[in-house]
Ligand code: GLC
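There is one chain below, alone, in C-alpha cells, taken in the form predicted on its own.
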Amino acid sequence: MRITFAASEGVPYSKTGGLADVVGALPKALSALGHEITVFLPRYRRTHLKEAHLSIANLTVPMQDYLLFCQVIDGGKHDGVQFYFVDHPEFSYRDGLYGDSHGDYPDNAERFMMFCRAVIESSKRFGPPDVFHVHDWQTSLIPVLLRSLYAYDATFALTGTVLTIHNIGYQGLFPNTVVPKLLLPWSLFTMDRLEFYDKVNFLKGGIVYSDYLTTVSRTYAKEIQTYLFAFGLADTVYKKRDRLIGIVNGADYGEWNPAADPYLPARFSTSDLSGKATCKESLLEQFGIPKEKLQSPVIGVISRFAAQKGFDLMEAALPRLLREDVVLVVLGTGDRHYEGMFRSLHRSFPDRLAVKIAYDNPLAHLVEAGSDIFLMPSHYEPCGLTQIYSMRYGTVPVVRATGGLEDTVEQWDPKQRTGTGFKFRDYDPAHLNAAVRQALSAFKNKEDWKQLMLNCMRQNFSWEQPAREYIEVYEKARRLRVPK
C-alpha cells in the first residue's frame, strides 16, 4: 500500500512529545513490511536537514482575503521512508512549534490549515496514497477537507483516512471567525461536525470525518468514550466506537537499549546486569547525591511537569515518601509551580531529592539506566513511553493504572514471581504511597528484585506488531472507499 503520514512533528526533525516518537518510528516499521511510506512535516527553525532539494517551488494556499505561498522540500529517503517538508516563514522563522512563553501562536489555525492544504495538493502531484494517516488536531483538517472541499476531486475518491488521537486533551480550538478566514463552508459549523461550544474544534472534525480512528492504547480507547477522559468529546467519539481501535505504541529499541546505549558509562543486559550498578553510581554523582546512598533504592522521574502527569499527586505524597530510605532524581521542565516545588523539596531533603530543570536526552538515558524504580503516577496517560523504556533498562515502574500504563505494566506477584511493576488505581496520595512502599518492600529481597528486573527487560514492545495492526486498520479504511 501507499500510505502518507501527515503530522506536526517527528523525530529526528522536531519534537515536543510522544507524537514525534511515533511519527519517527512507525513509518520505518511499515516500510520494513514492504509498504510505500511518505511523511509530511512542517519545516521549523529547529529542523535540520542533511539533504534538502526543492520539490515544489511555489504552492498557493488561499485564505479569505489573502494568499499564502509555501514550498515543499524533498528531505530524502531514510530507512525506506520518503520525507517532505512544508516550508513557510510562519513555521521556519519561529522558535516554537505551537507557541512561546506567551501561549499558543494566535495564527495556529491558519498555519495548520496551510500545512493540511499543502499536504493534499502535493499528494495530487506526487500521486495519491491509498490512505492518509493523520495525527492529532494539527492535521485533522485533512479528512475534513477531503470530504468537503475536495469531495468531488476524483484524485482522492479511493483514498481512505485514519486519524490517530495521541492525546484528546489537545483539540485545536479556535474562534468561529476562522471559518470564513480558512474558506471553510459554514455547513461544517454544526454540532455534529466542527462546532464545539460556539468554537471551531479541529480534532472533532477529524473524528467525525475520518474513516477510522486509532488511539495509542487499548485502555485509552475505552477511556475517551467517557466524560471523565474525553474533554467534552465523549459523545463524538462514542458515535465512532465501531471504527475506533486502540493500538499500543511501540518503542524504538535502536535508541533505547542498555546493551548498546552510547550515553551510558557501562552497558548491561539480561545476561550481565553488573553495568547497572555503575550507571547508578554515575547517576548519583551527576545529581550530587552522596555515595552513601548507593544502597538505597533510587526512584527516577522523567517528565513534562504538568498536573496531567500526576505532579499534583506527587506534591501531596512526596513529603511523607521522602522520609523513607529512598533517593528521588527528577529530570524535566514545565509548569513553574512544580519546578519550584522540587527546588523547595530539595532544600528540605538535600541528600534524598535532586532535580535538574532541563530537557537533556543523554541524561534521560542515564536516569533510566541508573534508577531502581521509575515513578509515573499520571492522572491520565494515553500510552506513555518512558515506562516502556524503563522496563528495558531493568528499572521497575510504579504507575497509576490508566491508559497505556494499565496496558503495558503487569502487577508484580511475589508468589508466582510474575509481573513487571506496581500499579495503583485511585488518584490519591495514600494509594500512590502504598504502591511505592510495595516496590520498596520488594527491593529488599534481592532475588525477587532481580527476577522482577529480568521480567521487565524481557518485555517486547517493538514496533513490528503495532505496525501489523495499523496495516489492518489501513485495509479497513481503504475498503470503505471502494464503490459497492
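Residue numbers here begin at 1 and follow the sequence given. Predicted, not measured: the structure shown is a model, and the values here were computed from it.
The following text describes the form predicted together with the named molecule, which does not appear among the structures shown.
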Region of this chain that lies against the named molecule in the predicted bound form, out of 236-244, 84-92, 161-169, 276-284 [heavy atom, 4.5 Å]: 161-169
Should Ala25 be counted as a contact of the named molecule in the predicted bound form, where contact means heavy atoms within 4.5 Å? no
Indicate whether the named molecule has at least one heavy atom within 4.5 Å of a heavy atom of Leu385 in the predicted bound form. yes
Taking the named molecule as it sits in the predicted bound form, is Ser296 near enough to touch it, meaning that at least one heavy atom pair lies within 4.5 angstroms? no
Ser148: heavy atom within 4.5 Å of the named molecule in the predicted bound form? no
Please tell me which of Arg352, Arg392, Lys309, Arg117 lies within 4.5 Å of the named molecule in the predicted bound form, judged by heavy atoms. Lys309
The one residue among Val327, Leu182, Ala251, Val216 placing a heavy atom within 4.5 Å of the named molecule in the predicted bound form is Val216
In sequence order, the residues of 1-31 that place a heavy atom within 4.5 Å of the named molecule in the predicted bound form are Gly18, Leu19, Val22
